[in-house]
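In the block that follows, a single chain appears as structure tokens, in the form predicted on its own.
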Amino acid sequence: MSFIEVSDLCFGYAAESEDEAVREVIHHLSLSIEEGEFVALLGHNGSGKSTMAKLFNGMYLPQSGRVVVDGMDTADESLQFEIRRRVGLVQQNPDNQLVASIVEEDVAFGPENLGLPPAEIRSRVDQALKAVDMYEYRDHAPFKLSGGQKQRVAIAGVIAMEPKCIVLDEPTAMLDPRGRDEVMQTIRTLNREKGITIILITHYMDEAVQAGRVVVMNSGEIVTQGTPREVFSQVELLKRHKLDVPQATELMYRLRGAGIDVPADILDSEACIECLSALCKKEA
């Protein structure tokens, strides 16, 4: 069985008045995520991505269908604590997750609530801060850190709970390019070196191409999924659903439209430069 198994899932938000119908945002969606995978979840605003993030860790419960995490049905209220220990959630704004005046105290908040002994808490906090390269800031005040550093502390707080999976809901949306790079490097390290399952919700295509699998949502349904090359080669499909593609892929798409024979599955600038250099030499 997959680590997260979503089967025929439907979910909607309650109507604000008696005259309004329930606003359904997830429609009979099925999805499997394997342990250790790095999955990017894409879709324009309102497609249901953030709702899925909360369904993955049991914050929201299905109205029909099932979400099973590590063999546990999220609808079983007796399992909620264990499910949230296995699936940590990192939100867009790190200020919403930072609760203490000192970095190491903030990271210790979760383990303390688990009732762990002090020595275990100390070990987890140190390991989590080292995992996100923030150990040297352990005595700092979180509000004095940069946006990228704050987000890494928020991630450390989740890591200290020792989850098998981390869901990140647009964690770089409020960061500058340097902060984005810091957070993405942390995410890659956690996935590749620690084996933590990563589900990344993002609007940035250059982040999505770093995943092993990309899932595209629209109006609460899955439009397409596959490797980054498979998904981003479907430029016209993505554009119909108001999504961009990596800049290198966009350039190749336009060149092909102009009748120039170039690959459709180039994702990064290095491959794009190599392709164009070879094309120029051929024409010369």
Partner chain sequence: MAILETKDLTYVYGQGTPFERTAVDHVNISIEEGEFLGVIGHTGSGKSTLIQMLNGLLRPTSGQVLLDGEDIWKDPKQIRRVRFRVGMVFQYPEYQLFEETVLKDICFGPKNMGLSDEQAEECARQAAHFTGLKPELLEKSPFELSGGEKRRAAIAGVIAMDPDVLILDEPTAGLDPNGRDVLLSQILSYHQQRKNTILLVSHSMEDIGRTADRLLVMNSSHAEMLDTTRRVFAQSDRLESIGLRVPQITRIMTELRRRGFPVDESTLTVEEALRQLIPYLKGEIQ
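Only a predicted model underlies this, so the values are computations on that prediction, with no experimental measurement involved. Positions refer to the first chain, counted from 1.
Form predicted together with the partner chain: not shown, discussed below.
For the chain shown here without its partner, which stretch in 167-175, 187-195, 69-77, 210-218 has non-hydrogen atoms within 4.5 angstroms of the partner chain in the model of the complex?
Contact-bearing stretch, as computed: 167-175.
Tell me, which of 36, 246, 228, 62 has a heavy atom within 4.5 angstroms of the partner chain in the model of the complex?
The residue from 36, 246, 228, 62 that makes the contact is 246.
Just to be sure I understand the contacts: of 31, 255, 235, 223, which is the one whose heavy atoms reach within 4.5 angstroms of the partner chain in the model of the complex?
Looking at the other structure, the residue within range turns out to be 255.
At the 4.5 Å heavy atom threshold, is residue 264 in contact with the partner chain in the model of the complex?
Answer no; every heavy atom of residue 264 is more than 4.5 Å from the partner chain in the model of the complex.
Taking the partner chain as it sits in the model of the complex, is residue 27 near enough to touch it, meaning that at least one heavy atom pair lies within 4.5 angstroms?
No.
Find out whether any non-hydrogen atom of residue 260 is located within 4.5 angstroms of the partner chain in the model of the complex, and reply yes or no.
It does: once the partner chain is placed as it appears in the model of the complex, residue 260 has a heavy atom within 4.5 Å of it.
Please tell me whether any heavy atom belonging to residue 10 falls inside 4.5 Å of a heavy atom of the partner chain, as the geometry stands in the model of the complex.
No - in the model of the complex, heavy atoms of residue 10 and the partner chain never come within 4.5 Å of each other.
Quick one: which residues from 138-152 get a non-hydrogen atom within 4.5 Å of the partner chain in the model of the complex?
Going through 138-152 in order - heavy atoms within 4.5 Å of the partner chain in the model of the complex - there are no hits.
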